[in-house]
Ligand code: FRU
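Presented below, as C-alpha cells, is a lone chain in the form predicted on its own.
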Amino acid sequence: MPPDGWLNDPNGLCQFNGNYHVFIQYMPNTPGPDGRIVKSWGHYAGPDLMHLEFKGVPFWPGELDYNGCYSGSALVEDGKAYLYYTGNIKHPGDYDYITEGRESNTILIETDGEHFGDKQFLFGTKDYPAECTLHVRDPKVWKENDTYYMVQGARMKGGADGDYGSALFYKSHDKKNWELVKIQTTDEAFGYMWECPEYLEVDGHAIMSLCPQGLEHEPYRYQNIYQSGYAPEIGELEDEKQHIGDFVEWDMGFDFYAPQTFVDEQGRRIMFGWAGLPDKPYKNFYADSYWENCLTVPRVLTYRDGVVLQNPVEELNDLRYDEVRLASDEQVILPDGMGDFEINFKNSSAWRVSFAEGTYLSYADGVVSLELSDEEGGGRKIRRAKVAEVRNMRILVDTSILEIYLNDGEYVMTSRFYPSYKGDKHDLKVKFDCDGTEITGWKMHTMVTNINL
C-alpha cells in the first residue's frame, strides 16, 4: 500500500544484494522537485517479502519523461539492477494523444539498490515501427544465454478495421542498443492495445502475459473494463510462427491488472498484480482521503496440465495465529479484519461464504459468483467464473481486499470491498455455509504498519 497518494502498476521487481525490491507506479500527494504532482516510481525494499520498507521516490519526471515515469522492469546483473521504463510526454494542444501529441521514450537507469544513476535515453517514438500509433510502452527486459531481450506493448494503426494490439520484441548484446526482432500480434484483432506484455517461463513452459484493452465483454469472461491474462505454450521466443492461442485470465475478480513477475534467488517465479484497474466504473472509498490502491500479495507461479497456478508465497503463513476449525453454518470474527482460510470440499455441490453484511462468495450449478452490495462494493456488482468442480479454496482477507484462490490456484478472484466498520473497531464477521467441508482458519498479523484505515 502506498503511504499516501495513488498507486498502480508494480514495476522493477527483483532481488539482489540481499534485498527484494518492489517499485510501484506512484503519484504522491506532495509535489516533486519542480513543484508538480506527477506520476513517478515509488520504491520498497527489504530482506524478505514480509518486511518491505518504503524508501521514497527514487527519481522524478524531467525532460525525457515530463508527464510521467510510466511502467517498466528490472534486469539484474553484476550486482546491480538496470531499470527500463517508459517516459511519457504529452504536448499541450488539441491532440488525440493516439496519433498525435505524444512521445514515449524508452529510458534506462542503473542502480545498486540505494543510489540511482542518470537517465539514459535508448530510443523513442520516431524509432518505433511506422505502423505503430503513439501508444508504445511498458518495457520488460530479460536475458537468455548471451542475448538481452525486451518486449513492449503497442497499439497499431488499423485503418477502417480499427486499431489492434501487439507486442514489439527487441534484442540487444549490450543492454543499450536495441534492434527490432518481430511484431507479435494475432490474425484477428485481440483488443486495440496490449499493455504490460511479458514473455516468461514457468516450470520450463513458455507463456506470454498481456493486458489487452478493448475485448468484448462476456457473461463469464472479460467482465472488467480491461483484461489481464496469459497465453500458454506460446513456443520459442524468436519463432515467427509463435501465436497467442488460448487466452487465460489471471484473475476473475473486480480488481486485478498489470501483473509483473520475477525469479528470486530461490528460483521461484513470483508475481505481483495491481489490485485495481484504470478507468474502472466503480470507486474506492478511500480516494476521498487522497489515498488509493494497493498491490496483491506476492504469488508463486507453477505449471500443471496446461494451466499456470497462483498461490501466495509461503512466507505469508508466518503471519498466522490463533487457529480455528469451523463447521458449516459457523461464524468467525476477525480482529482488524484480517484472516486466512483454507477450505477442503467434500461432495459439496453448493456453498456460500459471507463477509460483513453485503459481500458474498457462492457456488452453484458450476459457477462461482462474487457479489457485493452497493454499500460494500462501491459500484462493484457481480463477477462469475465457470468452474466444473471446486475441490479446495483459500481466502485471504485484509481490511478492504479479498484474494480468493480456487483449486490450488487454478482460478483466482481479487476484489476490493468496504465493510461498514463501527467506531475504532475493524473487526470483520465471516460466515461459512458449506455442507460437507473442512474449514481451517487463522487470524492474521498485519503486514502494513504505515497505513491506518
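Heads up: residue numbers just count along the shown sequence, starting at 1. Everything numeric in this text was worked out from a predicted model, so none of it was measured.
Omitted from view is the form predicted in complex with the ligand, to which the following refers.
S.K.: Just one of V141, I107, C294, A258 has a heavy atom within 4.5 Å of the ligand in the predicted complex. Which one?
M.R.: Result of the distance check: A258.
S.K.: Pick from C196, M208, V353, V368: which has a non-hydrogen atom within 4.5 Å of the ligand in the predicted complex?
M.R.: Of the listed residues, the single hit is C196.
S.K.: Is the gap between W274 and the ligand in the predicted complex 4.5 Å or less for some heavy atom pair?
M.R.: Taking the distances in the predicted complex, the answer for W274 is yes, it comes within 4.5 Å of the ligand.
S.K.: So in the predicted complex, is the ligand close enough to Q25 to count as touching (4.5 Å, heavy atoms)?
M.R.: Q25: contacts the ligand in the predicted complex.
S.K.: Answer with yes or no whether G101 is in contact with the ligand in the predicted complex, where contact means some heavy atom within 4.5 Å.
M.R.: Because no heavy atom of G101 falls inside 4.5 Å of the ligand in the predicted complex, the answer is no.
S.K.: Check whether Y411 has any heavy atom within 4.5 Å of a heavy atom of the ligand in the predicted complex, and answer yes or no.
M.R.: Output for Y411 is no: heavy atoms all beyond 4.5 Å of the ligand.
S.K.: In the predicted complex, which of the stretches 68-76, 312-320, 294-302, 168-176 has residues with heavy atoms within 4.5 Å of the ligand?
M.R.: Stretch with heavy atoms near the partner: 68-76.
S.K.: Need the contact residues for 1-28: heavy atom within 4.5 Å of the ligand in the predicted complex, sequence order, or none if there are none.
M.R.: Heavy-atom contacts within 4.5 Å come from N8, D9, Q25.
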